[in-house]
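Quick heads-up: the structure tokens below are two forms of one chain, split into structure 1 and structure 2.
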Structure 1
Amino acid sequence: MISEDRIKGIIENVLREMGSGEISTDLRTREATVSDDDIVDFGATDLRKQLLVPNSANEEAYLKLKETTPARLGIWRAGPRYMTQTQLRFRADHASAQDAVFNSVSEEFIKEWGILEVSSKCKDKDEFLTRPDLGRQINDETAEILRKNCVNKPKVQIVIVEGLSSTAIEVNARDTFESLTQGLKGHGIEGGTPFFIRNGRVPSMDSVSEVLQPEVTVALVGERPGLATSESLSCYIAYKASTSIPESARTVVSNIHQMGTPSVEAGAHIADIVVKILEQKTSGIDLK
């Protein structure tokens, strides 16, 4: 293996042969001094407020159109290629999406929250991504833990499901949950014992419902991230859920994130939906 000093020496020679003149700094002994202030966060800018088309005919209309969507509208080019800024932002957003999928919700986050943690049938993240069927179920050990530690037959059971975005859970789940529970209490409804399902998918809420038998099950789930955001949380609600219910029996509130529905607002909205479900004793497409 070629040493780092040897590689830097080769670079020096190549630069000299290209006519760069004398190298004022010895590359072999130079130390990089890069601070956090020198690092640009390309994902920090709101795409909806970026004016990337130079000399646009109607700047006001262009920006008004961009406010309606986080999609990449009106990006500029250098010849047939994207501009460097656009390409770097694309790669930054793609990296954020990958991190959301491949990383797990930190144990410290769950401990700080103070809620019970259980698992689906998946033994790790790799199995979760390759065996969706196992992520939809809970194992016997988890079922027994729930029976011993959770309220049986609550009116409303709230469960946090890791899903496909650990980022969404860490950024939006707790505020949504607290707003939801506060909204339910305002209607005189006490929820069951909340808990977190690691490596779980949406239908894991059905297995939970068969164990605890709540009247309504509410699952806050990290959604599959895209290039618009990696922080999107969704809420799935079902009346007397079981593993045999169709997907049409779920009521869904989606796009819970900073650029969609804020988490606190979403929690209050979900509480109102739960009240309606309890009144009508149904959910999904049958809910009026």
Structure 2
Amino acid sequence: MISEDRIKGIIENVLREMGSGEISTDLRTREATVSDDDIVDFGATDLRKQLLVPNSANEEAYLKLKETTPARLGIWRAGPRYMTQTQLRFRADHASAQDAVFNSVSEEFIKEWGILEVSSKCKDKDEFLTRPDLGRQINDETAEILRKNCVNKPKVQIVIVEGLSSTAIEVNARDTFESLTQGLKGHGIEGGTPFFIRNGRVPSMDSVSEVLQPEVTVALVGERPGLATSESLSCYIAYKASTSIPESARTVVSNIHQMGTPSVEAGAHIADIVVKILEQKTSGIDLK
């Protein structure tokens, strides 16, 4: 065992060395010369194509395996730990997941899209995160806005629900929506008036459906982000949705993002599901 005095001595030595005025000036100058271009964006590398194992016996086969999974394989190690770049990438991914949750979909984005915006009962992000119950509901004024501005009893109502990833909405919702609308048109189906529910959770689709009474409600919802992607969008579809339907009545298409199902392809696929739901007059686990 090292004595307490000895530890103190070591710490003192280290502190003295660190406290040297010369070194700290040096550090400051270096800081000033680093431009944004010099900073590596750890989030930009495609992990499936990055193999950190040095001198692997068969790199081609390893990369082929890596193509099939977003898991962090072949990241090698420094002693018993992750290498610095792996550690930083992990934190970068965690940061973008947090950003996706804590940030809101920008107002400009909705404006540019040109769709109506309403809100759940939550007044801000904090309330949205702490009161899941309020994120499922809308108040009477919102109901009135919808009644005034939207087609009543449409065959299909598409709603964009902010959910837990603002990034997913900004990156993937619009292309999915356009492709879905085109697909529906191909089947001769006109959708109702689309709108965006800020601070909404999945069941907010039920609340708005009680107001507008569509035959089928399609909600594009920002998915709770993980470390593989923060841009994943889900689609929930229900036949004659209301606040009394069970969760099992929702048909789900998840993982709509760059590395999952591409948004335009998902939209086209969802259109076919909607047609099937209209034919069978049911959704969720009862849909064949």
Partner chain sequence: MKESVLSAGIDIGTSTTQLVFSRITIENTASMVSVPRMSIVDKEVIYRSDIHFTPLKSRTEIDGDEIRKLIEGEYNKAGIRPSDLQTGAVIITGDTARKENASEVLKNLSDLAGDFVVATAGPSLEGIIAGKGAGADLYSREKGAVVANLDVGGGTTNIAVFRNGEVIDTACLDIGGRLIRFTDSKRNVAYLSDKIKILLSKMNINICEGDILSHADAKRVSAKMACVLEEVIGVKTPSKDLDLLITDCDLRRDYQIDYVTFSGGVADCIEKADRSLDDYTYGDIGILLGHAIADSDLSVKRDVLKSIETIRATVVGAGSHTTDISGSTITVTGSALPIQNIPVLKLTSDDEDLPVEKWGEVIKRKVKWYRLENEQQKLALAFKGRRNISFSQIQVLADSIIYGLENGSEDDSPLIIVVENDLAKALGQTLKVRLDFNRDVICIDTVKVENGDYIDIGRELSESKVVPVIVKTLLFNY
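Fair warning: this is a prediction, and the values are worked out from it, not measured in the lab. Heads up, when I say rigid core I mean the largest set of C-alphas that superpose within 1.5 Å between the two forms. All residue numbers here follow the sequence of structure 1, with the first residue given the number 1.
Both panels show the same chain in isolation, but it is structure 2 that comes from the form predicted in complex with its partner chain. With a cut-off of 2 Å and the rigid core superposed, Lys281 has a Cα displacement that falls short of the cut-off between the two structures.
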